[in-house]
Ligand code: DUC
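Read the single chain below, which is given as structure tokens and is the form predicted alone.
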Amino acid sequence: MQDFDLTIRNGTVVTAADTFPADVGVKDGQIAALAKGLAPGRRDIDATGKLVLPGGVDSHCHIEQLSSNGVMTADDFYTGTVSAAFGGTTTIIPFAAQHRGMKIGDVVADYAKRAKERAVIDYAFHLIVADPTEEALTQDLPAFIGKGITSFKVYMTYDRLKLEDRQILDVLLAAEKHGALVMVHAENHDMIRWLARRLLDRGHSEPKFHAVSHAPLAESEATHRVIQLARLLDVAVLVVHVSGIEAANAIRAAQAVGARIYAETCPQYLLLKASDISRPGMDGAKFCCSPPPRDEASQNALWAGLADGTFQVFSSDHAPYRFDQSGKLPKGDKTTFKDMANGVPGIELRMPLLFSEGVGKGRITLNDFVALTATNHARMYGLAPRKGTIAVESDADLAVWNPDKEVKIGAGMLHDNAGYTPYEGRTIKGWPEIVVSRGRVVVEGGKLQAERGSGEFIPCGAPGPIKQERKPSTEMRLFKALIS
């Protein structure tokens, strides 16, 4: 008879593929057995009437990161990971952010030190590439891919981060050659800059004009363009934080012809609208992110994309800034929409919001929920099968979920350091009551059970496809060999 450190019994286990009654036996931080009637562990948790889900993987969040405007996010690795854990997430993948002139090695070393000292759950890293020099492309990126940072993010907008198309092609080629995935923030920089300048010249500076300047066409044009760049080289890309119906349609059309295009969306695009940004005074700034929330038609299109497989991952894009002069409002009530720090908090509510609004309202299945919040992230970033599922020999990252628990959202109940939530006052149904990370109970009874610095860096492996990818043609293989 096996001796377990922890047994979670009488619950309904849910994975991306199956739903079944079983006990979960945990030993040495891993799942050791899945069966009915397991022997008692040193500690037993009764999950009668509850769901036992894989701990979430949030592969798009900005933690302890300096923005391109020089503003530090409100959450460090302690508050950010505590907040994630309370929302059922047990692994995060934030960004070691290079800005122009910075050495990638220095960026990663500094970020790794911050995480090691503070994180309470496990983490991996992406790398933001803003200065793709020859040294970075041929030496730094391959070296860090070998150390487990196998995904890069590039921007098509923001003055201090934007890459030209030729630079994006360079990064795509380097990533493909060395086994990495490129994430793309797709918005047309010149469209946004042109619109913003004309709005400001005419005295239109309120938060609501952020949504006007970040027009849906700026997103759809850049999305279409990066799809063509990826198709030119026949490489995989992930278009992140998709907000609009036209961008979603462009991605779906590219996938239909076999392009290696993946897509992500976030809670703010399913539940917030441009009309929220139009609230009086500076209140609209609480809803400003890039790209901004759109309209109901876009929301419906994104829900459809989650259900039909257009979107493979659902992330928070947690970008928390205090609602004061240290963050969102650097010039107080004189702050223009161009001065504001872009981003909204959401790491703790990512999974509960999707469960309530998606599973609870019949828009997606429970298995889809697990895939979108955990399994597909782990597969995409080379963390599977260690993370993102419930299986023997996988890490014991688990969330005991009460599907009937109703929670009224308020900033005071959350654990991030933003001090506000754009979902204030909403009532949602379904909440993680116990969260386990590598066999350790980290959240129980509304209290944190984990110590600062107890999370671990988990190196990513080669990115894995979420769906079957077609093989490149002979002509494409020859072309890539010639230009590599």
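Each residue number is its position in the shown sequence, starting from 1. Given the structure is predicted, the values throughout are model-derived calculations rather than measurements.
FYI, the form predicted in complex with ligand DUC isn't displayed, but the following is about it.
Asks: If you check V120, C289, L372, A180 against ligand DUC in the model of the complex, which one has a heavy atom within 4.5 Å?
Replies: That would be C289.
Asks: Since exactly one of N342, S213, S298, Q255 fits, which has a heavy atom within 4.5 Å of ligand DUC in the model of the complex?
Replies: Selected option: N342.
Asks: If contact means a heavy atom within 4.5 Å, which one of 397-405, 270-278, 355-363, 147-155 is the stretch that engages ligand DUC in the model of the complex?
Replies: The contacting stretch here is 147-155.
Asks: Find out whether any non-hydrogen atom of I390 is located within 4.5 angstroms of ligand DUC in the model of the complex, and reply yes or no.
Replies: Flag for I390 set to no.
Asks: Can you check whether H62 is within 4.5 Å of ligand DUC in the model of the complex, heavy atom basis?
Replies: It does: once ligand DUC is placed as it appears in the model of the complex, H62 has a heavy atom within 4.5 Å of it.
Asks: Can you tell me if A319 lies within 4.5 angstroms of ligand DUC in the model of the complex, counting non-hydrogen atoms only?
Replies: Looking in the model of the complex, residue contacts with ligand DUC include A319, since a heavy atom lies within 4.5 Å.
Asks: Whether H185 contacts ligand DUC in the model of the complex should be assessed with a 4.5 Å heavy atom distance threshold; does it?
Replies: Result yes; H185 sits at the interface with ligand DUC in the model of the complex.
Asks: Listed by sequence position, which residues of 227-254 have a non-hydrogen atom within 4.5 angstroms of ligand DUC in the model of the complex?
Replies: If the 4.5 Å heavy-atom criterion is applied to ligand DUC in the model of the complex, 227-254 yields only H241.
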